[in-house]
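Okay, here we've got a single chain as structure tokens, the form predicted alone, with questions on binding and movement later.
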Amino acid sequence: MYDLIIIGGGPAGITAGIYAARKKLNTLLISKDFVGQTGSAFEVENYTGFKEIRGLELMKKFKEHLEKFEISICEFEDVEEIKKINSIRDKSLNSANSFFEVKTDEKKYLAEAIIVASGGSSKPMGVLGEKKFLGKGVSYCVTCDETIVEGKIVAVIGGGNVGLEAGLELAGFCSRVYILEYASKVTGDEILQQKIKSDKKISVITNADVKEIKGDNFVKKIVYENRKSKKISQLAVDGIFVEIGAAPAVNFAKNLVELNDNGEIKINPRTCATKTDGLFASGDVTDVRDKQIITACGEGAKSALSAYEYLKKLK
């Protein structure tokens, strides 16, 4: 029986783990990896203390900091379900309180409190050919697959910060990069937009509504419609990177939390508490407004301190 189980190995989960360990809580952190959305970022320029750092390098430093403390880490397991048990069935658990059961694809774990910091998974476009060519030119991770398209022509779908960062990274490997944005203009930070404009390898296409991905054994073309003129165009590409945001990873906890219209966990903004006593949530999986690394870290710290106060009341 753990005091606390943290689900997620991103900035929120790792920070929660550090704070929980410093409070001497018997803590288990479960994560399928320590990469996530931050690890997929080309360069991070807005995390305090680092003028610029690769996403993977920042995550490496986060994990090294976490491992300095006494905390159990369970990597490469996927959480499938969380249950709250309201009656003690095993006296050996030595607890008079309700507790949680966390089931992964490997085994089951028990804890008196939970922090869900599972972040999100990449959103698919949902267009014809996307599933067919997944792994055959369609990718949701630039860091994972950039070397496969070295010297080739690629398209990035999405003009937010993640899409612009992906375009800049790919420009260092590829001969040509097209950024397709559904809206009438890209929405990424101004500093990223300036970098895009100054890179001769990158072209931005706005009002682009992607309709289909074509190819034979590998991606060959992307078909899109101009939302204003309704003109259908085809773009010859060797790879497509989908960067249109992330969907909250909440399926395993949806019976214990309340979700907003975006599928995010609703939390008390002061404490990170959910509707279920003892269950807290932090980071991008929640309805917190700003999806930033530094915000996720702050929310992770807040959730751990709240869990600590909750556990103190149980003793």
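Numbers for residues come from their place in the sequence shown, where the first is 1. In this text the structure is predicted, and so the values were computed from the model without any measurement.
This protein has a second form, the form predicted in complex with a small molecule, left out of what is shown; the following refers to that one.
Visitor: Does the small molecule come within 4.5 Å of a heavy atom in each of G9, I30 and E43 in the predicted bound form?
Guide: Each of the three qualifies.
Visitor: Just give me the single entry in V162, I179, V237, A113 that has a non-hydrogen atom within 4.5 angstroms of the small molecule in the predicted bound form.
Guide: Checking each option against the small molecule in the predicted bound form, the one that comes within 4.5 Å is V162.
Visitor: Consider V79 of the chain shown here, and say whether it contacts the small molecule in the predicted bound form, taking contact as heavy atoms within 4.5 Å.
Guide: Output for V79 is yes: heavy atoms within 4.5 Å of the small molecule.
Visitor: Are any of the heavy atoms in L25 no more than 4.5 Å from a heavy atom of the small molecule in the predicted bound form?
Guide: Answer no; every heavy atom of L25 is more than 4.5 Å from the small molecule in the predicted bound form.
Visitor: Classify A117 as contacting or not contacting the small molecule in the predicted bound form by the rule of any non-hydrogen atom within 4.5 angstroms, answering yes or no.
Guide: The answer is yes: A117 has a heavy atom within 4.5 Å of the small molecule.
Visitor: At 4.5 Å between heavy atoms, is A249 in contact with the small molecule in the predicted bound form?
Guide: Within the cut-off, so yes.
Visitor: If contact means any heavy atom within 4.5 Å, which of 65-73, 285-293, 272-280, 256-264 contacts the small molecule in the predicted bound form?
Guide: Only one stretch passes the 4.5 Å heavy-atom test: 285-293.
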